[in-house]
Each structure stands twice: as C-alpha cells, then as structure tokens.
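The chain below stands alone and is given in structure tokens; this is the form predicted alone.
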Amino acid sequence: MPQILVCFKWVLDEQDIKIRPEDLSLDTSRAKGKISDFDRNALEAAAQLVEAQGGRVDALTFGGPAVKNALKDVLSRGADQVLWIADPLAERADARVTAQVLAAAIRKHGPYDLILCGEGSSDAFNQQLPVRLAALLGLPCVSFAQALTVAGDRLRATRKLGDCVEEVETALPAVASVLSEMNKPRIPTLKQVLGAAKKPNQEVKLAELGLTPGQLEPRAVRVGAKGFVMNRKNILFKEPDAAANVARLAASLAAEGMC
C-alpha cells in the first residue's frame, strides 16, 4: 500500500486582491488565504489512490506564520497527517530554496513511495518544484500527469504534452506533478471537517533540517508585482453594410499589428 506525500502551498486568494489604480500596485490587505488551487488536485489524487487501494497520505508545506491556517482544510481533504514548516524566510524563498527545505523535510520524515505536487502554485506558477525535488532526492519525475495509477512498485501515468499525450511508467519511489484536469477536488463534508480536528499535525522547525545558509539564500528575488489593466478603445463600426464593418475591423486590427 503506497505511502504518499503531497506538497502544498498556502497562498493569498486572488479574488480578494485589489489593484490600486494610481500605481497598479497590489492591495493584499484584505486577502484571505487558501490552499493553492493546483495543490488541491494533488491532494484529491492522493486521497483517491488511498481510498482505492489503501495506504496513507501525509501533507507537507513550507510557508509563513499564516500557513497554520491551512492545517484543518488539508486534513479534511483526505490527508492523515500534515507536516508544516512556518518561517518568515518562506516569504522571500524562490523555488530553489523551497525545494531545498521540502527535500530536507522529506529525508527526515520519509520515506514515501510517491510524492505529489500540483502543476504549479496559484501565485508564482513557476512549475519548478516537482523537478527540483526529484533532482534533490535522486528520484524519477513524472510531470504534467492527467492520470495516475499505482500498481505494486510501479507508477503509470498519462502525461499531457501540448497537443498529444504520453504514456509513461517508472519505478517507485517517484515524484509526480498533476494537472488540474485530473480531477475535481472534493468539498469536505461536515464529517470530514469535524474529523480533521482529531488528526495529527506536526511542526517541523527549519533549524532542525540541517540546511546551510547558502542553501537558504534565494538566487531569484521578486522585486515587485503590479496588476494589469486593459484600457479598451471602445471603437464602434456602424456602417450599414456588415461587410464594410468587417473590412474596417480587419484594417484596424492590422494597423495595431494584431493580424
């Protein structure tokens, strides 16, 4: 029976983020947190695998102090235990640092047969974590999976590659990232929410992971983020002849370099 670990990220809910019109800066003062959308698919994939053939699901996250708000939600979605690392360093960590921290925690608390990640986080969406984790742990990586099965010590997956799919198989243990189209994350029932309060969670101290200052120093630093506002030109074509309107539209688009 597979022992599965799901890595997840606690992010700001983009629906709550406002754009300040004066400078396009982001107002996150009223933004609530949530489990990254794509990580919910990874949690659901793990829960379905265990419900079908037994096993266990642990969840692991690295975030700021607010990450503790994620614990009950994660546990209500099928995880048996959640391991969490809360440290201010996470606020400026790049994908390299995050992978170093999670890999160290996995070495300390593993082993696991299968490590699942979402295809990317809802905020940065750099899609680097699964491959970096696999490289650090010396494991095979199956990315962009739209279907997964575990049979004995083998992982079989269907990968989506642009306009085609690829069937792959690898030995466990392995790392895999799942696409959002793989499943529809469950909405926890009242029983699952109440049951989550009885499941264990464990804080993992960053200082206990034996990482060097160099491993915790980000090499890519986000210097700022701004919103995007589309200013519509509101051009109307009111020729009585429809063909003339189409011709004017085509000419206008060509003048803008769009066709």
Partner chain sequence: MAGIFVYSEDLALAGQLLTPALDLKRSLGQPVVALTADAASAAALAALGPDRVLVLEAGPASPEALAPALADLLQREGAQVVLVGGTLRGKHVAAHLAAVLDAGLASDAKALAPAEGGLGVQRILYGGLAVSEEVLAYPAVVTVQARTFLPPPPSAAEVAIAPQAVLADARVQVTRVEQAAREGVDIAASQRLVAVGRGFRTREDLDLAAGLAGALQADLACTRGIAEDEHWLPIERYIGISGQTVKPELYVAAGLSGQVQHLVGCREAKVIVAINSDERAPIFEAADYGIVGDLYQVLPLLTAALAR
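Under this definition, the rigid core comprises the largest set of C-alpha atoms superposing within 1.5 Å between the forms. Just so it is clear, the structure is predicted and the values come from calculations on it, not from any experiment. Numbering follows the first chain given and starts at 1.
In what follows, reference is made to the form predicted in complex with its partner chain, a form of this protein that is not presented.
- In the predicted complex, L26 approaches its partner chain with a heavy atom inside 4.5 Å.
- Although the partner is absent here, V142 is a contact residue: one of its heavy atoms lies within 4.5 angstroms of its partner chain in the predicted complex.
- Its partner chain in the predicted complex is approached by N126, whose closest heavy atom lies within 4.5 angstroms of it.
- Although the partner is absent here, S76 lies well away from its partner chain in the predicted complex, with no heavy atom inside 4.5 Å.
- Distance criterion of 4.5 Å from any heavy atom to its partner chain in the predicted complex singles out K160 from the list R186, R107, K72, K160.
- Exactly one listed residue, out of L190, A197, A225, A207, brings a non-hydrogen atom to within 4.5 Å of its partner chain in the predicted complex: A225.
- Segments offered: 62-70, 199-207, 214-222, 44-52. Contacting its partner chain in the predicted complex at heavy atom distances within 4.5 Å is 214-222.
- When the rigid core is held fixed, the Cα atom of L249 travels 2 angstroms or more between this form and the one not shown.
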